[in-house]
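One chain follows as structure tokens, the form predicted alone.
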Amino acid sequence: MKQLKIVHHQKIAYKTYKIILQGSLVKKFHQAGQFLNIKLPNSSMLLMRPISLADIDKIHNTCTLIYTVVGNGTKLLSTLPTDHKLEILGPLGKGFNIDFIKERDTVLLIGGSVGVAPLYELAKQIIQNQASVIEIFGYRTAKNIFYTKEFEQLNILDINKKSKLFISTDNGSSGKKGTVDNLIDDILPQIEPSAIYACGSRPMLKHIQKRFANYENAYISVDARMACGIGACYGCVLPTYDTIWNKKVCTDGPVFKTNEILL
């Protein structure tokens, strides 16, 4: 286990926080979609908290995590000040495979709520490789929205000038009213994506699985409760279509092909 220091910590949306960590460990971070296991400074909270990498900055040796407060652990995390040092295990898991993406390809990114976070580093790497991204993000309400400006600024760097961001909210308080499914219906007929990557709630990912089951390069990033994060405890196992072998989210994932696991 290594230490990373908190150099920035702020609330960016409803119950949603951005935390920037700094340290030499960041030199080992490469793949978008991987996660860190964070040990909380409370002896009664034995389990570490897995949080996906939202951004990797090798120049400043920093990484950004975005999380939503959903329980006592993330509530405690949200109170930690700058200069506090966190015990970290990572980077963990298998992230997004982009090796096959070519220059001038168009890639579809689909995010739901805090599932948008790991798609930022993914979009950054895709655009750096001179491909374009179409981003479809869904939130509950306008107050839950985060990182739209960051994605729009990132899209400006697209030399092909094809990257675009589309937003939906359940109640129509911002963007299109409805879920990301409605946006997919609007946008998918207009593009021919070389790959599809999605991260969000289980219901959303089930829909993505069904809709893109026959796509060769369609991937989902799955969130799961974990104990060890390194595959030893079998606490995050998911069944597969194979029915013989199960998959562990922490080591076989969290990114899987749409036809690989049963949610």
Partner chain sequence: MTDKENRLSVKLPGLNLKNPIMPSSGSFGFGEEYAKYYDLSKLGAIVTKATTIEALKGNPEPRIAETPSGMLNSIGLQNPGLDIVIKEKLPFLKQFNIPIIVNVAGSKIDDYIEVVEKIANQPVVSAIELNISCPNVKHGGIEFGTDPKTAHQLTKLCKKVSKVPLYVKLSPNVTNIKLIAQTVQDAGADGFSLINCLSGMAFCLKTMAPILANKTGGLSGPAIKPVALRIIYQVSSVSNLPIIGMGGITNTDDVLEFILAGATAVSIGTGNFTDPNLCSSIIDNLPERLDYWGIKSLDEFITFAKNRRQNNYV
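Everything numeric in this text was worked out from a predicted model, so none of it was measured. Numbering follows the first chain given and starts at 1.
The same protein also exists as the form predicted together with the partner chain; that form is not shown, yet it is the one meant from here on.
| field | 4.5 Å heavy atom contact, residue 210 to the partner chain in the model of the complex | value | Output for residue 210 is no: heavy atoms all beyond 4.5 Å of the partner chain.
| said: residue 165 versus the partner chain, in the model of the complex: is there a non-hydrogen atom within 4.5 Å? | reply: Because no heavy atom of residue 165 falls inside 4.5 Å of the partner chain in the model of the complex, the answer is no.
| For residue 28, is any heavy atom within 4.5 Å of the partner chain in the model of the complex, or not? | Although the partner chain is absent here, residue 28 would stay clear of it in the model of the complex, with no heavy atoms inside 4.5 Å.
| said: With the partner left out here, check for me: in the model of the complex, does some heavy atom of residue 142 sit within 4.5 Å of the partner chain? | reply: Residue 142: no contact with the partner chain in the model of the complex.
| said: Would all three of 46, 227 and 248 be in contact with the partner chain in the model of the complex, where contact means some heavy atom lies within 4.5 Å? | reply: Checked in the model of the complex: all three residues contact the partner chain.
| Partner-proximal stretch of 28 to 36, 213 to 221, 234 to 242, 51 to 59 relative to the partner chain in the model of the complex, 4.5 angstroms, heavy atom | Result for this chain: 234 to 242.
| query | Out of 1 to 33, which residues reach within 4.5 Å of the partner chain in the model of the complex, heavy atoms considered? | reply | Result: 1 alone.
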